[in-house]
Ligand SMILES: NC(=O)c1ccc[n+]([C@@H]2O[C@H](COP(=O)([O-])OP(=O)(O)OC[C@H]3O[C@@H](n4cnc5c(N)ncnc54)[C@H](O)[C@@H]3O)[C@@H](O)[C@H]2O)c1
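Given next, in structure tokens, is a single chain: the form predicted alone.
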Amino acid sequence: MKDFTGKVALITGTTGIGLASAIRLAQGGATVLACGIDEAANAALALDAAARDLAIHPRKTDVSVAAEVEAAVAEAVSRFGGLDIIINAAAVHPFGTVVSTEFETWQRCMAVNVGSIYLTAHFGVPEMARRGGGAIVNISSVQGHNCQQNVAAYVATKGAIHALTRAMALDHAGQKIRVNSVSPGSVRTPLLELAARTYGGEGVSVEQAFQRFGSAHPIGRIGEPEEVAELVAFLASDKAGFCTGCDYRIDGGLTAGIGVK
């Protein structure tokens, strides 16, 4: 279904949910500027997009750097005629408490996970307003609601995304720009692979760790990036025209209950 024909989207992150979202929107007819710092991932996405005949244009971008984000937005406008959709999926996931996390790591996590959302909006919202409105979807996490131990920096950013989403939604509703966030549970992404290697245990494969992670979800498995991308696409589409300022969980029931059996 060509639900994004004529739309121009800027998506941060070219792996995991960002990758899946870029493919889903392009399959719907959007022209996508995919901004990622991982050159190998960018190259792989370019090859995949060409093979599928999708209008996805990867761009090497450090989304925590203002000048690079400004240039990316300018490229979307100059090459493709404007900007209608922003999907903020770029993230880093350090492990540690506030004691064990180095300050530089804390700063980098804040700059990428939250700062990039500020930057894409700072430069992108005026362009969206010129087009008569648009939609922004920020990828958060269930860890912005309930969290594990030893992830202080990461969960701080995910909670901040919920708050920033509400603020942006209120500030820009008058410009017909809708802003929502999505909070996935465990999803098959490079960040979850990192968690699997960190917490999987000696001799435990990534897939075995994924099975254990999945068993914590009432639905009995981890999610797939494409499933999250469908929710992202809905929120970015005109079908979600009355949705703004909210967080939408896609977590296999993980946060529906309590851990007492």
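Just count from 1 along the sequence shown to find any residue number. What you see is a predicted model, and the numbers here were worked out from it, not measured in a lab.
In what follows, reference is made to the form predicted in complex with this ligand, a form of this protein that is not presented.
Contact with this ligand in the model of the complex, judged by any heavy atom within 4.5 Å, is made by just one of V151, A160, V92, A71: V92. Distance criterion of 4.5 Å from any heavy atom to this ligand in the model of the complex singles out V112 from the list V112, I85, V125, M168. Taking the partner from elsewhere, I37 is found to have a heavy atom lying within 4.5 Å of this ligand in the model of the complex.
Within 4.5 Å of some heavy atom of this ligand in the model of the complex lies at least one heavy atom of G16.
Remark: G134 does not count among the residues lining this ligand in the model of the complex, judged by a heavy atom distance of 4.5 Å or less. In the model of the complex, this ligand lies within 4.5 Å of some heavy atom of R108.
With this ligand left out of view, the stretch that reaches within 4.5 Å of it through heavy atoms in the model of the complex is, among 125-133, 186-194, 95-103, 173-181, 186-194. Within 4.5 angstroms of this ligand in the model of the complex, the stretch 114-149 places a non-hydrogen atom from each of I139, S140, S141, taken in sequence order.
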